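The form predicted alone is given below as one chain in structure tokens.
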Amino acid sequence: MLDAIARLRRFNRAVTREVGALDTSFLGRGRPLGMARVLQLVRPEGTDVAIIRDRLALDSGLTSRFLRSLEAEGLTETTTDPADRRRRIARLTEKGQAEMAAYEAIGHDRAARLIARAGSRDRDIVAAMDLIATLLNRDQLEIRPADPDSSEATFCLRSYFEEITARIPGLDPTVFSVPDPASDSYRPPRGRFLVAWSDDLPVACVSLRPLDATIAEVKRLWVHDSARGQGLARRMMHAIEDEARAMGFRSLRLDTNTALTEAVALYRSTGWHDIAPYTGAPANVWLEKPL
């Protein structure tokens, strides 16, 4: 255990040095890392200041000082939410968007150089970083609606199709297409497509489409390798079931395959029961759950 702790502390020190966490001018842009991270979380359309504070674990005073400094530079503006005057909303200005683009370009270049140093082990290194980052961000993971044709949905669906093609014997990969030609079925007001985000990377998805006025079908449950073993698949299923209830559906159905053992076990442990087949191959298990 002591050896593992020592190795973790060495890793922490290496990352602190590599990312310039102690630099007074993070990435050479004239601000410390904390202020740069606040800027990164401010969106052009607006971000609740409380969300910024919670995401970065900053106290109210330091958050306010950072925002005042960014406002003095003309990078952000903070206003009171007209719908709830207790909330403050920070927004990026055009100058702020340009500054964020500069940060992104420098950060991308530095990351590319670091990965290049890994040489032939780059895939292993990136996979390890994915695992560590997802674990550290576990408490900040967000599940949000997405358009089924968006880039994040496309990434999730490609990953999902690659996995089931590899795991289900004899499955023809050409039967799948991304974007999904039936994507309108997963788009409001008819259906839903949910994506789980770990920081700014999608790590899971699940979708819902109507079968009739009272029954909907759950499709495309997928979780990235780095996010497995943390209960995320269960969270995704709870989230899509909540969406179905809010839309007025009375029951849900899904089809799956016995090769997907973890998925079948999850469904059976959360109240799904077997029903007669309602689709064809590659499904060989059909389940329903009342809401």
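Here, rigid core means the biggest group of C-alpha atoms that superpose within 1.5 Å across both forms. Residue numbers here begin at 1 and follow the sequence given. What you see is a predicted model, and the numbers here were worked out from it, not measured in a lab.
Just so you know, the form predicted together with another copy of the chain exists too; it's not on screen, but the next bit is about it.
* Only one of T79, Q140, T214, Q97 comes within 4.5 Å of another copy of the chain in the model of the complex by heavy atoms, so just point that one out. => So the residue touching another copy of the chain in the model of the complex, by this definition, is Q140.
* **Contact assignment for another copy of the chain in the model of the complex, among E162, D184, E104, E73, heavy atom within 4.5 Å** => Only one listed residue qualifies here, and that residue is E104.
* To do: Verify the flagged residues R7, L114 and D124 against another copy of the chain in the model of the complex: is each one within 4.5 Å by a non-hydrogen atom?
  => Spot residues vs another copy of the chain: full contact, yes.
* Asked: Quick one: which of 205-213, 124-132, 89-97, 174-182 gets within 4.5 Å of another copy of the chain in the model of the complex, going by heavy atoms?
  -> Looking at the other structure, the answer is 124-132.
* Answer for H273 alone: is it within 4.5 Å of another copy of the chain in the model of the complex, judged on heavy atom distances? => No.
* To do: Indicate whether another copy of the chain has at least one heavy atom within 4.5 Å of a heavy atom of H108 in the model of the complex.
  => So H108 counts as contacting another copy of the chain.
* Verify the contact flag for D225: yes if a non-hydrogen atom of it lies within 4.5 Å of a non-hydrogen atom of another copy of the chain in the model of the complex, no if not. => Taking the distances in the model of the complex, the answer for D225 is yes, it comes within 4.5 Å of another copy of the chain.
* Flag S251 as yes or no: does it have a non-hydrogen atom within 4.5 angstroms of any non-hydrogen atom of another copy of the chain in the model of the complex? => Flag for S251 set to no.
* Of 69-99, which residues get within 4.5 Å of another copy of the chain in the model of the complex if you count heavy atoms? -> Heavy-atom contacts within 4.5 Å come from no residue here.
* Rigid core superposed: H238 CA moves 2 Å or more between the shown form and the other one -> For H238, whose C-alpha is compared between the shown form and the other one after core superposition, the shift is less than 2 Å.
* Determine whether the C-alpha of N12 shifts by 2 Å or more between the shown form and the other one once the rigid core is superposed. => It does, since the N12 C-alpha is displaced 2 Å or more between the shown form and the other one after the core fit.
* Asked: If we fit on the core, is the Cα of L56 displaced 2 Å or more between the shown form and the other one?
  -> Yes; that C-alpha moves by at least 2 Å between the shown form and the other one.
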